[in-house]
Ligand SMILES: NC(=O)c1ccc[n+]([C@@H]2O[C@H](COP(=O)([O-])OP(=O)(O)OC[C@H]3O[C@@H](n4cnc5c(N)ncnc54)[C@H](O)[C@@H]3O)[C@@H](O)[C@H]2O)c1
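Just the one chain here, laid out as structure tokens, in the form predicted alone.
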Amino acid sequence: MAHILIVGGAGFIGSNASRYFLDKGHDVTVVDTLELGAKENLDSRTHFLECADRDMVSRSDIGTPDYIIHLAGSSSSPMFKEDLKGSYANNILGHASVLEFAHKVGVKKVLFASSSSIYGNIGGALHEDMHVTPPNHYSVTKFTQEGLSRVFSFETGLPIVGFRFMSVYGPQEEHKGKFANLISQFVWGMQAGKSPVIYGDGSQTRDFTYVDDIVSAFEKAIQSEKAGFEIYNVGTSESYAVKDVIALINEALGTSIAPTFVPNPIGGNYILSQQSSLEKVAHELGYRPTVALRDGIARLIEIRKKTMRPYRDLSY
């Protein structure tokens, strides 16, 4: 069994990954500032350390993990509007700190979260080898993390894998509030009888990916013997209009709540379509998505019915 360090592991994706690897018998250490995470997300079996990722190089109590999954940082474009300099520092300096720590202690492989937002509005099936122009500050930092990782891996020999997540949803996002995925926010609001707010006419599409599929990609990357630096899309390769998601949530809840359509306040940088090509990750890692959107929404709602954890706020 391996020792896995999850940086930002008290957050949404990190806490789901932590529980999965614990159930598989691995030792899991979580490092988190708790600024964007929540301790209640963590399983009691988790070894938890509260610290900033930029302080990791000087820490002596983390031990020597076999693998690092780096998920910490400012995780959405709106966060940059609230704290531009801090968000750049979180994502770029924080990432450099994790890589330095990994090299210092002899980690076997580092996995990290990039983002499909790097693609902007290219359209069509998104391939990792496309020329991209990141459309916002968030995607600029993620593209920079990729470049930093490519050079770091070349110079040190450390295997590094970046994942361009599509639109990830699932349980344990309540602490993110207005920064959570649209599906999560729509479910929370509609469970309370609130009309979900949709920008424009709702025809914009997303490749909605249940968090369990993201975690399965982590496991396959850890098991892979590929070395060097690699970037992979992780999604479902299926695209759904936002307005159609409301129908699926109503179906699962047994409700008939109509959405409220408002003019899009974001403007030209708003992503109109998103659909991943999974050719590379399927061929090289054997990744296949397993959770269909209808099933993922039903699963999330069943979990919510059992827990009804309070959410921080909504973006609408």
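One rule holds for the numbers: they count along the sequence shown, beginning at 1. Bear in mind that the values here come from a model prediction, so they are computed numbers and not experimental data.
Not on display, but discussed next: the form predicted together with the ligand.
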Could you work out which of 250, 33, 269, 277 is the residue within 4.5 angstroms of the ligand in the predicted complex, going by heavy atoms?
-> 33
Of 68, 281, 28, 56, which one comes within 4.5 Å of the ligand in the predicted complex, counting heavy atoms only?
-> 56
Residue 75 near the ligand in the predicted complex, any heavy atom under 4.5 Å?
-> yes
So in the predicted complex, does residue 149 come within 4.5 Å of the ligand, heavy atom to heavy atom?
-> no
Going by a heavy atom distance of 4.5 Å, is residue 233 a contact of the ligand in the predicted complex?
-> no
Using a 4.5 Å heavy atom cut-off, state whether residue 51 contacts the ligand in the predicted complex.
-> yes
Going by heavy atoms within 4.5 Å, which of 135-143, 242-250, 184-192, 122-130 lines up against the ligand in the predicted complex?
-> 135-143
Taking the ligand in the predicted complex, which residues along 153-184 bring a heavy atom to within 4.5 Å of it?
-> 165, 166, 167, 168, 175, 176
